[in-house]
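Encoded as structure tokens, the following chain is the form predicted alone, with no partner shown.
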């Protein structure tokens, strides 16, 4: 069985205020071309179809046209799951009749235990979920973290394994040992941040979504496809694309197929005078999304407006002069930005009261944050 593994389309996402729908439509056409050229039998999308739980009308229209072309016109079976950015309730609408055209879209935990069988492979489609869903499904109040939940989930899946089939897990979470970039929402509420890689050993291949770099995880049987587009400056040097996976019983082989961005994310450096010089700006593709590093020390009146007259997609301007001093001042801010919500509450509590939170208080905080997060996703 040969299939294409992609994820994190984030239809409707903006890059520093710039609409990316045109870039996303172009990336999709490249994915479709790869699927046809590689003669894949299935297309797998491992979550975050949309960028928001309530996507815009324009984003929904783009995604609908993608699915129509991919599934109804080109006749590719599609196996997809909801990610942490998707509203599982909204995506679930239409699921019963999607299946009639081989478009399998799982949005609930209970659906993951009924594998989709195609060729020599069983696909287990496990959507993004939180520990409370596993507590309710397994009727086990001891499940408090994603690791505890995944032990039960995978054990239940293994009972459905057929020995003469390859077994593929499609899911959307953070695996221990993975590397993040700036554009990913951190999944820390309720212990959702880490799934031990060892839990994934029963599967011949694990098609992951959530992290936007294809090299975020170095594992023999598990990979992130990465996002089709660059969604932040930290992804500037990443190669974007999809995995082509061939499964056999107890074995899988993979190869990466790169996507060329319609407009790239780049960084340029120079003085204001150099950047405004015609011989310089005509030597680069000004339609790209550009982060500009200025070497000037003096104040430049109306700087951003002047730059945007030549570079229409400026995503940021950084003054290199004094960067060391700014880095020292921003060190604390950066540390705070990387903290999980529970850690932020702990830090705030300690600074205000001068005491550490008790274990019971930490449990209350986790439960309430998890409930708030679940309520927000259901809007």
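Bear in mind the structure is a predicted one, so any value in this text is a computation, not a measurement. Residue numbers count along the first chain shown, from 1.
Although it is not shown, the form predicted in complex with another copy of the chain is what the next lines describe.
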In the model of the complex, segment of 89-97, 115-123, 300-308, 160-168 with a heavy atom within 4.5 Å of another copy of the chain: 89-97
Each of 277, 284 and 288 within 4.5 Å of another copy of the chain in the model of the complex, by any heavy atom, yes or no? no
Looking at 138, 103, 243, 272, which has any heavy atom no more than 4.5 Å from another copy of the chain in the model of the complex? 103
Answer key, another copy of the chain contact in the model of the complex at 4.5 Å (heavy atoms) among 148, 71, 133, 221: the residue is 71
Can you tell me if residue 61 lies within 4.5 angstroms of another copy of the chain in the model of the complex, counting non-hydrogen atoms only? yes
Mark residue 55 yes when one of its heavy atoms lies within 4.5 Å of a heavy atom of another copy of the chain in the model of the complex, and no otherwise. yes
Just checking whether residue 34 would be counted as a contact of another copy of the chain in the model of the complex - the rule being heavy atoms within 4.5 angstroms. no
Using heavy atoms and a 4.5 Å limit, would one call residue 67 a contact residue for another copy of the chain in the model of the complex? yes
